[in-house]
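Okay, so here's just one chain, in C-alpha cells, the form predicted on its own.
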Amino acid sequence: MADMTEVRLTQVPSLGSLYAQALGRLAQTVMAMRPATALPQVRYVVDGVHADADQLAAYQQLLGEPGTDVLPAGYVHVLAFPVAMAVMARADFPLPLLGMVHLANTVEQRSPGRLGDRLDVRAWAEGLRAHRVGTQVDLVTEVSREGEILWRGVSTYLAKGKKLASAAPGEPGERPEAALPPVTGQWKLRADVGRRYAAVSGDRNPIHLSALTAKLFGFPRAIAHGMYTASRALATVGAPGDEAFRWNVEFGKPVLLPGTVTFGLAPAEGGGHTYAGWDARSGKVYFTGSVIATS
C-alpha cells in the first residue's frame, strides 16, 4: 500500500453514476480475451463523510437494528462502499465490475461510529489471484475518525471466466460444508427486498432489482444483496456492545427473491457466535459467518 498513489475525491461518488460507467465498459471487459494482469496502484480517499439521519433510520428499520445514534457495522459498509466501487469502476481495473460475485466479507470494528461523527474513508484493491473458475480480488476499505481507524472491511469478489495472466494455481475445489447451527428462525423475504435495500444503501445493481434485469446477468429472478443478508444476520446475532469485534461472512448460493431463509446461530469457542442461513428444503447454504469480540 505504501507505493500507491493517493487520489482525494471531493465527495463520496454516486453509485448510480459508477454503475452507468461500469455498464459502458461491460462489453470491453467481458468480451476481451486478454487475461487480468495487474491492479491499479491507487488509493481513493474521501474526508469528512457524515451519516445521514434519515438514511440511518431507514437502514435500522429495514435490517432490524436498534434505533440509536450508533452506526451499525453494516451501515458503515454502506457509507464506505461507493469509494471502494470507484476503484473497481476505473478504466484500468482488470475485472468487469458488473457480474462479479461477492464471495466473502470480513469487518474489524475497533470502535463504534455515531451519528454526527466526521469520518474519513479510504479504499484500494489488492490480492489479485487465481480462482478455479476465474480471478478474485480483495477490496479493502478503512474508515477513520480523528486519525484513528474505527472500521476496516475486506470484501472478496470473483470474476467468473476471467483468467489471470500469472501461472499461479487457482484455489482448490469447494470446501466441505460445516454442520449447520440449530434453527432459531426463518426470514420470509419478499420480492421487493432488493429494491428496499437498494433504497437505503444506494446499491442498485440490476441483479437485485427485478427478474427482468436479473435475467440479463443469468439469474432466473432477482437475488438478495449479500450485504443485506449478512447485515441482517449481524443484527440478529447482535454486535457485542461497545466492544471491538470481528464480523465474518462467506457467501454460498444466492437467495432468489421472493424466498425463505432458515437461520440459525450457535455459541462460538472463545465467545461470540457462529451463524448460517440456508434453504430448508434443498439444504443449499446461502451464507455462513461469525461475530466474535476481539477486546
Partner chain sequence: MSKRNGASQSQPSTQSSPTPQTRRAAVVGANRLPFGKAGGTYSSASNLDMLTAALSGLVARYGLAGERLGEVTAGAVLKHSRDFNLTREAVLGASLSAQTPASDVQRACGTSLESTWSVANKIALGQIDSGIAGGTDSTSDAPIVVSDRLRRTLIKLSRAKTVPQRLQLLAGLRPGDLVPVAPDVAEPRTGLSMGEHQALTTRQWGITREAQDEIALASHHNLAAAYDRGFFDDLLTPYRGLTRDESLRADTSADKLTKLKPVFGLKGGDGAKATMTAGNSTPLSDGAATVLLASDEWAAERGLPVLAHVVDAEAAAVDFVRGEDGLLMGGAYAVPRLLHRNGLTLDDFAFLEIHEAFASTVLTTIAAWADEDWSQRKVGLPAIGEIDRSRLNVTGSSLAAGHPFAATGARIVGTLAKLLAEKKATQGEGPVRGLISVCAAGGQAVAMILEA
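Source: prediction; values computed, not measured. Positions refer to the first chain, counted from 1.
If you look for the form predicted in complex with the partner chain, you will not find it shown, but the lines that follow are about it.
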With the partner left out here, check for me: in the model of the complex, does some heavy atom of Val42 sit within 4.5 Å of the partner chain? no
Since only the chain is shown here, I'm wondering whether Val183 would be in contact with the partner chain in the model of the complex (any heavy atom pair within 4.5 Å). yes
Would Thr236 show up as a contact with the partner chain in the model of the complex if we use heavy atoms at 4.5 Å? yes
Would you classify Gln61 as touching the partner chain in the model of the complex, given a 4.5 Å non-hydrogen atom cut-off? yes
For the partner chain in the model of the complex, the stretch among 246 to 254, 265 to 273, 222 to 230, 45 to 53 with residues bearing a heavy atom within 4.5 Å is 265 to 273
